[in-house]
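Shown next as structure tokens: one chain only, the form predicted alone.
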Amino acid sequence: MALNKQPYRGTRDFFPKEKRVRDYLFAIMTKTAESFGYESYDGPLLEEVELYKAKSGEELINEQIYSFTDRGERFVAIRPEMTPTLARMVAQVHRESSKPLRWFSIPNLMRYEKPQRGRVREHWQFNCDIFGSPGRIGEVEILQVAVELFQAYGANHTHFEILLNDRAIVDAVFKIMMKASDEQTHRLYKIVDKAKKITNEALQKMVKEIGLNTDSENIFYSYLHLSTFVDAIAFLEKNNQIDIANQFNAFIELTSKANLTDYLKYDPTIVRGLDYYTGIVFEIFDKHPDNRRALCGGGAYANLLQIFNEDPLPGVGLGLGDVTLKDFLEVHNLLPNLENPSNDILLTFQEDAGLDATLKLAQVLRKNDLKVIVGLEVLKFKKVFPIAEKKGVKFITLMGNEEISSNKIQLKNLLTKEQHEVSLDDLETFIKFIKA
């Protein structure tokens, strides 16, 4: 039986054209993170399953991880997310490290999910986290990173928005104002997370099943109807949650000073169900009607290191997958044309005698940081230009008997159509033409 030529379901082959797109996405991620002073890190592809059990959701553990028992009888998994690995690494070094820690990575992740638009089983994810920042300025900075990242791809507030909430608000509503038990609070988080995706009748049924009193139900529905930061702050003040209202108001004022106002919108249904979130939680949503979905998520946490018996350390981070990002850029026509590669020059010769001179010239040009393609056989004039177009070169040379005898070469700029005759004894001028 012949072997299947297709990749494993839910994974992708990256042929050169597709790899150019991925490299483009990664380059901007890296440049943006480094512009804020974030340092690159990475971890192993395999972790013990216990690590994910301690810090990941039940759905991931029960349905999505690729796990197996290794030859040493250890129960391990291919990493489905980076945050547990990040926590393990930070726990090793944070005590002796100057704060804040600013780290980023673009790890390869695998989850056993049903492949569909925007979701595959293997993907890469930009992770950016800051630990130990004073007050709430770290939360503002991570939002700035997110906005500047999307801006670097050519997007603005007409293309995306950041739906934001604060877990302190949610906990105050559920635990203090509604007096819900821990079990009820846990179920309320699940309901809120689904609130936009279900009918009003289904929502009311789910709330009834929790067993809240009428006053608590009324508070819950009032909370779900909040739609602006002003509404949320007024709601907290009306219900005597003054400290939380003041803290949230101070945070919103900070975001205004950071020029984030056009991107931020309050949304009470953004809760990010994982237990370790303790501060802001957010999701970045595409505004395009054909791709109205979450692109990126994140939030603030203080309890991430507790499984390692470490003291609370404030942190905040975001995660952005390459699949949803590519869909976003395509639907908004923001992805550049990467159909062809990008090279500086194609060196060609029309006679066999030109090979030696061409190879020597290529060696010099490469040492001057130029991308050089050499035609490895005699190329007739009519074949040169189609090859040059496919290889994405900016210049071509034509070396024949006349050029060999005169020690001069014809250099043609494919963009401007200008042609220059350059001496092979004056390669400095030759290189300046190409780099200009």
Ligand code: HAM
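Worth saying up front: this structure is predicted, and the values here are computed from it rather than measured. Numbers follow the displayed sequence, beginning with 1.
Just so you know, the form predicted together with this ligand exists too; it's not on screen, but the next bit is about it.
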In the predicted complex, does every one of 279, 308 and 313 come within 4.5 Å of this ligand, counting any heavy atom? no
Which residue, 323, 219, 170, 361, is the contact with this ligand in the predicted complex, using a 4.5 Å heavy atom cutoff? 323
Which residue among 297, 100, 107, 268 has a heavy atom within 4.5 angstroms of this ligand in the predicted complex? 297
Looking at the partner-bound form in the predicted complex, is residue 157 within 4.5 Å of this ligand by any heavy atom? no
Even though the partner isn't displayed, in the predicted complex is residue 127 close enough to this ligand, meaning a heavy atom within 4.5 Å? yes
Should residue 356 be classed as touching this ligand in the predicted complex when contacts are defined as heavy atoms within 4.5 Å? no
Contact label in the predicted complex: residue 123 to this ligand, heavy atom within 4.5 Å: yes
Just one of 88-96, 323-331, 67-75, 183-191 has residues with a heavy atom within 4.5 Å of this ligand in the predicted complex, so point it out. 323-331
Contact set, 95-124 vs this ligand in the predicted complex - heavy atom within 4.5 angstroms: 111, 113, 118, 119, 120, 123
